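Take a look at this one chain, the form predicted alone, written out in structure tokens.
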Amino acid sequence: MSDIKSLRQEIVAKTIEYYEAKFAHKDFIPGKTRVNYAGRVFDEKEIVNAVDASLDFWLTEGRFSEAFAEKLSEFLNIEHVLLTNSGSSANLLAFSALTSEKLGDKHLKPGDEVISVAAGFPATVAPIVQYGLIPVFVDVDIPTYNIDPEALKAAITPKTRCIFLAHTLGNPFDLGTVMELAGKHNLWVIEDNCDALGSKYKGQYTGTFGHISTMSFYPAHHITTGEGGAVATNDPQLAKLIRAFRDWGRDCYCMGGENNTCGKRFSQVFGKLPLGYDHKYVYSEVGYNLKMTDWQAAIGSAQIDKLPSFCEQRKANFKKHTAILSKYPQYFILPEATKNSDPAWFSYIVTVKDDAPFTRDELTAYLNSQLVETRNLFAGNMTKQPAYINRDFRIAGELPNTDKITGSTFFLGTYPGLTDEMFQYMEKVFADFLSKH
């Protein structure tokens, strides 16, 4: 046994040595090194944890999953955090839970309306469509790029049952108005917090206001497990439903490797099954298997310790972009934080003005040719995407800002891996392009 322990220690020591040799030192060469819009930022701790988990060879949820979920729960000060395999799965699970008949008259049903925005990411809208409900697309404000509060108020009808919104690129939406309207009209609220982990509204973390919130740990996000996500709630009934949908739809809540936690495994009646049917194989929801592996959670458990410093660096990088681009007010609309918010910015979003002597696509083509990565604001106008053209949806009012975003908006990175040398290079690239226009 001592040999195994010493061998494990030797492996960890070699892992740290490998990190130093492989990852610790990277030079930036202007014009040759890509300035990514996002990327993994890590040190030896993530790799050591991943190797440690691999040596256990416990492949599904285990000790690291428990530790990671507990750290997330403590960070957000929220009672229940359930890990899953992606942010998209987190959104699916959050929405699935609200369709459960166990919620009685409050459960979401086909034909009910769910308010979202057209300028967003498909993972927020897909579950609405998949369950046969009607997405209601509302326009956004520029320069916050979040739902227009007045348009939201006008969009609510007797058919409205839920508000499902993302905090756009880390900038919190107007949670005061949203939660007030939700309370007034008895609506569910799902916060898609995938781009905003660490952002605050009135001093409180986003992802803690709605009935359910979701997180993503894809490499572009604030912390990463590669693929991965989580669902959070303070409601014990919703937590139980989320777990059921995540774990094949089963009624049992035992952790992997555990049995008979409730003490009634073979003594209950469910549905039309015989008395005493094994509770581990009772399915009370039409669910999936969307769990996270312990190997991923091991990485996440190291990453979340860095989250506060990552968020501060994102805020600092946002200011650096502003210092560069505020020199050109005739060309650009620059982003603004929602009132009463403190965003941990996912990215730096820019809209090219209508009277600029160049287009968004001309600018972004040049930036990318100079190895400065950009991205459009995800799907642009969702109602014009091929997958959604022939789907049932309702547009509340008109979508002029959404259409403007589709043609004129892009974003740059704010992730913690950006260096001062990279910002100096980006400043030169912008200056070179704009000097020609």
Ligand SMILES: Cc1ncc(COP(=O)(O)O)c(C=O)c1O
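So that there is no doubt, residue numbering starts at 1 and follows the sequence shown. Note that the coordinates shown come from a computational prediction; the quantities given were computed from them, not determined experimentally.
A second form of this protein, the form predicted in complex with the ligand, is not displayed here; the remarks below concern that form.
Go through F318, W188, F121, F209 and name the one with a heavy atom inside 4.5 Å of the ligand in the predicted complex.
Here the answer is residue option F121.
Consider the chain as shown here, without its partner, and state which of N91, S347, S199, N146 has a heavy atom within 4.5 Å of the ligand in the predicted complex.
Exactly one listed residue reaches within 4.5 Å, namely N91.
Just to confirm, Q303 within 4.5 Å of the ligand in the predicted complex by heavy atoms?
No, no contact at 4.5 Å.
4.5 Å heavy atom contact, H221 and the ligand in the predicted complex:
Yes, H221 sits close enough to the ligand in the predicted complex that at least one of its heavy atoms falls within 4.5 Å.
Answer yes if any heavy atom of L241 is within 4.5 Å of a heavy atom of the ligand in the predicted complex; otherwise answer no.
Answer no; every heavy atom of L241 is more than 4.5 Å from the ligand in the predicted complex.
Considering only heavy atoms, tell me if V117 and the ligand come within 4.5 Å of each other in the predicted complex.
No, V117 sits far enough from the ligand in the predicted complex that none of its heavy atoms falls within 4.5 Å.
With the ligand left out here, work out from 233-241, 138-146, 267-275, 210-218 which stretch has heavy atoms within 4.5 Å of it in the predicted complex.
In short, 210-218.
Sequence order please: the residues of 194-210 with a heavy atom within 4.5 Å of the ligand in the predicted complex.
Contacts from 194-210: C194, D195.
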